[in-house]
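Single chain ahead, written as structure tokens, the form predicted alone.
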Amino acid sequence: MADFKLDKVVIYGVGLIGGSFALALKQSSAVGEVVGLGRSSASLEVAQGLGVIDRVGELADVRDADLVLLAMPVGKMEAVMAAIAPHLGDKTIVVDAGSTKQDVVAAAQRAFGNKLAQFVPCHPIAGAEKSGASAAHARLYIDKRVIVTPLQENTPFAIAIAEAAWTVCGGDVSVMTPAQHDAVFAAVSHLPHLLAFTLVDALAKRPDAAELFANAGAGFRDFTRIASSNPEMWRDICVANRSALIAEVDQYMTALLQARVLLAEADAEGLESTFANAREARNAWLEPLEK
């Protein structure tokens, strides 16, 4: 969309994701005014003080907004959708940044009713273990994939606005169905977070936890980095996508049992084969990302 420019954007949830979206639009001169909404007035004041938003708004601000971004934990989406629905102007497009899609779509169907066509589900594959407006930065979405899962009700215009907004932020937009999205990200995102949280929690509860953490090195730090992520957000993601996630946990448990058999049998060749296959697969995945 040539010369893309939004006069007014409302961001509900001005943390890392919402704040970075605002800063990216500002840096690209693609927005006139950014208005922030959220449950914490203190957080909104911090965001305004940092220049992430231009002012703190109210629900009525969505009426004449070109675009509204919902950037809160997925468990909070439906309540916020229901709150803004009566205020939506006919030309306002709403997008979200939730890490699950089928539950968000179902929530939107209940909350937006005959305004559902104005909602375009999205998921930027960009994040960090830090959260809050102070962690936001304009380059968060550069060369990061953004998944758009359009609805049958969406107009080409609504989809084009959503895709153009993420593109101007630097994102690489691709399209999936909500079901495809949730199955894929259960495996490559939700499962790794569940594993990292669970490992650190299990070690922290052991009597020798202090000794274990005192001797943990770079490998432990790298493997568990995402256990520093927002617990509330990941609680909601795991519950929302639990069916797909349970299936991935079951597959992983099978793989762990197979690894345990190799260990019990001192099968050095089998272990090396598993490790070599993993290394080859990971290196092949990393190669295009490092160019």
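In this text, all values refer to a predicted model and were calculated from it rather than measured experimentally. Note that residue numbering follows the sequence shown and begins at 1.
Beyond what is shown, the protein has a form predicted in complex with nicotinamide-adenine-dinucleotide; the following relates to that form.
- M77 is the sole member of M77, I161, V146, V120 with a non-hydrogen atom lying within 4.5 angstroms of nicotinamide-adenine-dinucleotide in the model of the complex.
- For the residues A108, I84, C169, A97, the 4.5 Å heavy atom test against nicotinamide-adenine-dinucleotide in the model of the complex is passed only by A97.
- Not one of F21, G51 and H137 is positioned with any heavy atom within 4.5 Å of nicotinamide-adenine-dinucleotide in the model of the complex.
- Across the options 227-235, 28-36, 52-60, 262-270, residues that bring heavy atoms within 4.5 Å of nicotinamide-adenine-dinucleotide in the model of the complex belong to 227-235.
- In the model of the complex, no heavy atom of V9 sits within 4.5 Å of nicotinamide-adenine-dinucleotide.
- Looking at A126, you'd find a heavy atom of it within 4.5 angstroms of nicotinamide-adenine-dinucleotide in the model of the complex.
- In the model of the complex, nicotinamide-adenine-dinucleotide lies within 4.5 Å of some heavy atom of A71.
- Under a 4.5 angstroms non-hydrogen atom cutoff, nicotinamide-adenine-dinucleotide in the model of the complex has G132 among its neighbouring residues.
- In the model of the complex, the residues of 14-32 lying within 4.5 Å of nicotinamide-adenine-dinucleotide by at least one heavy atom are, in order, V14, G15, L16, I17, G18.
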